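Encoded as structure tokens, the following chain is the form predicted alone, with no partner shown.
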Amino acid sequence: MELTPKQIEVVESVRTENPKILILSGAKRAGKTYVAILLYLGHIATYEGQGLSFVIGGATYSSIWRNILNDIENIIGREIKLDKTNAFEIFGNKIYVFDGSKSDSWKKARGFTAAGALLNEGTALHDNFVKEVISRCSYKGAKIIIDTNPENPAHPVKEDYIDKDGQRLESGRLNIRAFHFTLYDNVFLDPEYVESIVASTPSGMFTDRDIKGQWVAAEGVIYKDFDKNKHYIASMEGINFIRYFAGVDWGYEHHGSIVVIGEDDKGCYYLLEEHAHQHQEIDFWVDVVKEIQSRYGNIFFYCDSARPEHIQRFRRERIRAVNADKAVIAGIEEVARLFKTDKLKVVKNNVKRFDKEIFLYVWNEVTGEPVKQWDDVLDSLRYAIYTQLKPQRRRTGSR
């Protein structure tokens, strides 16, 4: 089984230093999770036939299957079936599988002693869950392995573990060892794939985290790659549109917004028009949609789920209203990627508020989230783009 030089470095550290807590953090597709799985299986095998308990944790059960269990099946050559306690047996030991993203997830890990844990997507797990699982690993020789992509440098995974790299116990045993991965550490990736990923990853925070694997704070304008000289167009002449869809962000004191997006036969997207208004009731928005339908047909409207009564009204009016996927960071990254690759254009004469928001929509440097200001049209744009492209991301495995 061939490993990258970085993975070999990690394996050698485990062999010679034997850290109790091993943290693998850095870029996506860098090879962190795979070597974490190999080391975890090796750790379980050292207790073969002893009937001990171990933990696998992740954000959701679907992500655990996708990131961990499918690879374990390929490595051990057999199918994994979880029992009614969400556990399975391997090497004569029992592995309990927990989802750990919610504030009360830690309760699932109470009540037993574990000899080891593998925690996937550490920054997606609730801090209480991480701490509870670590506290459960009290069996002699227990080992905890955490893999994660980087986030805000104030995140507990970084401050509580990565920043304490090299910490030793009173016995002299190494307590924490942390390794940093970049995309370039995965030498088995096709060079053209790496080149494509680098070229399409949005500038700023996304490049720093996803490519360089750095724990950096979000700062400045969110859509750094938007260029009014490239991304504004004057007309739609000569464009062959194959479908249309829309995004809806409800508002009253702040602007409500509906945007219409067109997709052409080359896989490019166009913000065709915006409708942004304050102090308008649902009757007004129904009329706006009816007018949009008269020109674009019975298209989908991906709506902010915060006002279910408005969505129900749309549906009673035979409007194809769907709850949008409102993932903030992932949705912003999707829109930013389209700007970065020049696949998202804006019809300049059909937008007004967008022209202001695009340059005033900024990161909160403390929380790492967008500032909730100048985001009305951009939220409706994000809802439309991210929800529409979700099936495509699942088919292609693109980020």
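Numbers follow the displayed sequence, beginning with 1. All values derive from a computational prediction rather than experimental measurement.
This next part talks about the form predicted in complex with a small molecule, which is not shown.
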Give a yes or no on whether every one of Leu3, Tyr34 and Leu189 sits within 4.5 angstroms of the small molecule in the predicted complex by heavy atom.
-> yes
Does the small molecule come within 4.5 Å of any heavy atom of Val55 in the predicted complex?
-> no
4.5 Å heavy atom contact, His43 to the small molecule in the predicted complex = no
Mark Lys28 yes when one of its heavy atoms lies within 4.5 Å of a heavy atom of the small molecule in the predicted complex, and no otherwise.
-> yes
Is there a heavy atom of Ser105 lying 4.5 Å or less from a heavy atom of the small molecule in the predicted complex?
-> no
Heavy atom within 4.5 Å of the small molecule in the predicted complex - the one residue of Asn152, Asn93, Thr207, Asn149 that qualifies = Asn149
Mind telling me which stretch in 75-83, 240-248, 308-316, 180-188 gets its heavy atoms within 4.5 Å of the small molecule in the predicted complex?
-> 180-188
